[in-house]
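As a starting point, one isolated chain is supplied in structure tokens, in the form predicted on its own.
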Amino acid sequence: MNVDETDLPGLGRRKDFMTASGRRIGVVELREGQTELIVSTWDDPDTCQASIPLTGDEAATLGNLLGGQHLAMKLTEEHRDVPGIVTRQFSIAPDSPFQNQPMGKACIRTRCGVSIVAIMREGEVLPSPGPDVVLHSGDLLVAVGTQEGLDSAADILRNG
């Protein structure tokens, strides 16, 4: 995928790419630190059809969702031939009892036999996180286990 980067004098920097459907999608990183998600026409990247301002947390969450989806799809493909194994993503909500707590405090593997294989945080992947990794609101956990175990893990992360 070819990403075009353009300096915007006095504003910041635009990074965008052409989708298969013929639209340009990207972000504008403003000098003051804000980020905007943009959609432009294929023939003129300066003609913005939509612009959505994002807070830092929103930009990080969007990055986690998109990156986590790619990682989960890859794991699902790898586990396709293993009966009973499922891959799922869990987002740490602001009201999760495990927000700002070490992941090990949830005892996910012990309580429901589910393995957390990665955490997506602010667009970065933390592979094979240990029990001492502190969970933050907006983290996207990628987990592998049985359907029943993943249902239990979801309940634990939501309710304790």
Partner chain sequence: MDPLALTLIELGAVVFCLGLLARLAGRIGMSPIPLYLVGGLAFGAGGVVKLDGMHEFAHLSGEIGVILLLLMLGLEYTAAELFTGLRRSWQAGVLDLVLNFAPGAALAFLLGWGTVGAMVMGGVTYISSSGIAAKVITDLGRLGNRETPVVLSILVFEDLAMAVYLPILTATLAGVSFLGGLTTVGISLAVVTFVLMVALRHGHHVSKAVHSENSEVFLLNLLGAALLVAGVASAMQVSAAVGAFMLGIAISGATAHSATRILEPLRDLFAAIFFVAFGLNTDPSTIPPVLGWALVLAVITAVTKMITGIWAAKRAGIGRAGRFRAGAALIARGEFSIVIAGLAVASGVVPRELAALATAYVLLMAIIGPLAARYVEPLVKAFRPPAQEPARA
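Positions refer to the first chain, counted from 1. Just so it is clear, the structure is predicted and the values come from calculations on it, not from any experiment.
The form predicted in complex with its partner chain is left out here; the points below concern that form.
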> Quick one: of L66, L30, L54, L126, which gets a non-hydrogen atom within 4.5 angstroms of its partner chain in the predicted bound form?
Replying inline: L30
> Residues in which of 87 to 95, 104 to 112, 130 to 138, 30 to 38 have heavy atoms within 4.5 Å of its partner chain in the predicted bound form?
Replying inline: 30 to 38
> Any chance T47 has a heavy atom within 4.5 Å of its partner chain in the predicted bound form?
Replying inline: yes
> Is A154 a contact residue for its partner chain in the predicted bound form, using a 4.5 Å heavy atom cut-off?
Replying inline: no
> So, in the predicted bound form, is M18 in contact with its partner chain at a 4.5 angstroms heavy atom limit?
Replying inline: yes
